[in-house]
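A single chain, nothing else alongside it, follows as structure tokens in the form predicted alone.
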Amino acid sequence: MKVIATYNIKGGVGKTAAAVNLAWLAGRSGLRTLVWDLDPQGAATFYFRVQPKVRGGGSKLMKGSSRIRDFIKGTDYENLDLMPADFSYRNLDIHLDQKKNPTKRLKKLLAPLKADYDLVVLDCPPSISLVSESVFFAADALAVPVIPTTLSQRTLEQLFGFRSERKLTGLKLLIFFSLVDRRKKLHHELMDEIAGRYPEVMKTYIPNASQVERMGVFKKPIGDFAGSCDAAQAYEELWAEVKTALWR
């Protein structure tokens, strides 16, 4: 079982859209896939039309008083299940801090699912926190969407610094540009600069397209309602790159 987390310190960069679309494409390809929506805002849960509620909340989940399978819901799609968000996840840092070896807690919780799933996609809240550290220890790779702006470049530097500080040398960073507007000269310049600096940058970028925003209207992955549009094709190409990197 591979575990990938869509993550960025910065919010509003297309992280949840990537989690939903990559998971949908993985399930469509035949991989038994689970999305765990760790963001208390519950956007991924909303896209899959599931109620954002975990019985007993994050506290019960972190205590391990119930099997993790008890919290998993089906979706409308074959090979694709969901661990929904819960607003209590805003306190996950507190619950983790009360556990022994808190940074290893998520990895321990996911371990029983190895026989059930080929891929787990963690949709993470935008922060550097104890939850983030737990994700880093649980994941094989981080899929990091980056808008080609100066502030996004700065948060990317912070992420690399944090990975080095925590000695997470085995954690792959799969960086891709998101919300790209090719009409903007600055986007061109920063994409070239960041790609030149970080060999982890993937070839595929996700355009700033209205169809991505319409995922919230249809409550579906973009490939399910607009499969021929540029953004849907970009996610397919991104999934091909991510899949190769994960199973390399």
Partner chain sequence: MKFLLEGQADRTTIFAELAQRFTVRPGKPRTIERTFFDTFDWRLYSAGQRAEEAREAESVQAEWMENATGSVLGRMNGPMGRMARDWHPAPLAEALARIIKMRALLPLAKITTTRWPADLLDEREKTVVRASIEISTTGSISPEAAGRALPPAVVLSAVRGYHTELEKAIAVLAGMSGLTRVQHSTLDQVLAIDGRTPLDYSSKINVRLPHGAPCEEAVRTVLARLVEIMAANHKGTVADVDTEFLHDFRVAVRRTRSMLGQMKAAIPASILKQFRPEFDWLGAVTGPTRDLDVYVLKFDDYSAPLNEAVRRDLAPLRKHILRRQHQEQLTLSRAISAQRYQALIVDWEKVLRSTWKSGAQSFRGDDPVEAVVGQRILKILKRALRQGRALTDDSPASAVHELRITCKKLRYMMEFFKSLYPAAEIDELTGALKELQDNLGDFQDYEVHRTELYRFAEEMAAHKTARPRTLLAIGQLAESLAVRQRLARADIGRRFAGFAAKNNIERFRTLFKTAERIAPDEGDCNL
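Keep in mind that what you see is a predicted model, and the values were worked out from it rather than measured. Numbering follows the first chain given and starts at 1.
The discussion below concerns the form predicted together with the partner chain, not included here.
**Student:** Is the partner chain in the model of the complex near all of V50, T75 and E78, within 4.5 Å of a heavy atom of each?
**Tutor:** The answer is yes; V50, T75 and E78 each reach the partner chain.
**Student:** Find the only residue in R197, R69, K184, R214 having a heavy atom within 4.5 Å of the partner chain in the model of the complex.
**Tutor:** After the contact test, the surviving option is R69.
**Student:** Using a 4.5 Å heavy atom cut-off, state whether D140 contacts the partner chain in the model of the complex.
**Tutor:** Flag for D140 set to no.
**Student:** Looking in the model of the complex, any heavy atom of Y117 within 4.5 Å of the partner chain?
**Tutor:** Y117: yes, in contact with the partner chain in the model of the complex.
**Student:** Does any heavy atom of L31 come within 4.5 Å of a heavy atom of the partner chain in the model of the complex?
**Tutor:** Flag for L31 set to yes.
**Student:** Heavy atoms within 4.5 Å of the partner chain in the model of the complex: which stretch in 23-31, 188-196, 203-211, 175-183 meets that?
**Tutor:** Result of the contact check: 23-31.
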